[in-house]
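Given next, in structure tokens, is a single chain: the form predicted alone.
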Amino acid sequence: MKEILVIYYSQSGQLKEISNNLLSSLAKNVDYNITYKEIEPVKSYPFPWKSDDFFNVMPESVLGVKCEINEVDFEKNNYDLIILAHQIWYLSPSIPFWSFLQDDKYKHIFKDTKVITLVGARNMWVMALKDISKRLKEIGAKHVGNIVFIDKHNNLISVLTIIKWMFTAKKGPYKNLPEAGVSTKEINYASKYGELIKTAFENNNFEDFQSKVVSIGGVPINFAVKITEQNAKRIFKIWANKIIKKGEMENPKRLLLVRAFKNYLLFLIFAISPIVHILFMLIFYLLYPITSKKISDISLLKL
């Protein structure tokens, strides 16, 4: 029997739903045993969020500051496959997920074990993947796959819907906007990736697993979005270092800077990003042999 461990953190439940659908065919197969372990911070992050709380987690997210999490107990010492299902907070792994992954007392569970990362994001995930991939290498895991679920609507539309979702806990669809996050249709068809996992186990070969994921659209990535993300991460770090000097999250002295960052971010998204998106797409096509290879390398986990 193959033992599959799913470790996840999800505020809305979307990632758990994606994981369930992805593994639905394996769950019905007696040759597979699937165990779910949820990462639970000692002090829960609110959902729905209040505006100040939502933007106030940016510095700790970007700088990788850990939070205290409840202990995760594993029934076994070894698994055949671990699936790490995670959110993205400010272009970084969410604080609870990163806190778990950075805790050395759990690194034994990853040693020499195949790992598939499962991303649920708005549309930016590359910088977080690089951090996670580096950590998996440090703890001796075999990072054999990465599957990405994103909101495929226009960037500005997805910003509006994600804000409504985060602040109301209502995913939609709304009166004048589509549903937020990963579409129901995408989630319902997630089982196709589970079939790839099953085939890889049957053939005892995960070497071409990621290329098969890519071939069926499992790693949506846009060059303009990727470059925007790369530049935004640098900007976030500047703001994060300034804000965190004012104290910890609970310190009201830092709220003034947090609110300034919020206004700055919204200005960048709605006023600047449409222009730079066009510029970056022009660069993509003008330098296509180079830029397309970079996108391909990221999709195939050649980070």
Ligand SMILES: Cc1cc2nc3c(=O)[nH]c(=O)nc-3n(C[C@H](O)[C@H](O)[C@H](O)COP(=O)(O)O)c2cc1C
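One-based numbering along the sequence shown. Being a predicted model, the structure only gives us computed values, none of them experimental.
Missing here is the form predicted in complex with the named molecule; even so, the following discussion is about that form.
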Query raised in the report: Which pick from Phe100, Phe209, Phe110, Tyr90 sits with a heavy atom within 4.5 Å of the named molecule in the model of the complex?
Result: Tyr90
Query raised in the report: Which listed residue (Leu160, Ala121, Ala190, Ala224) meets the criterion of a heavy atom within 4.5 Å of the named molecule in the model of the complex?
Result: Ala121
Requested in this report: Choose one stretch from 193-201, 75-83, 161-169, 134-142: the one whose residues place a heavy atom within 4.5 angstroms of the named molecule in the model of the complex.
Outcome: 161-169
Query - Proximity of Leu23 to the named molecule in the model of the complex, heavy atoms at 4.5 Å - result: no
Query raised in the report: Is there a heavy atom of Ser10 lying 4.5 Å or less from a heavy atom of the named molecule in the model of the complex?
Result: yes
Query raised in the report: Could you tell me if Leu257 has a non-hydrogen atom within 4.5 Å of the named molecule in the model of the complex?
Result: no
Query - Thr291, heavy atom within 4.5 angstroms of the named molecule in the model of the complex - result: no
Requested in this report: Decide yes or no: are Gln14, Trp49 and Phe54 jointly within 4.5 Å of the named molecule in the model of the complex, with each residue judged by its heavy atoms?
Outcome: yes
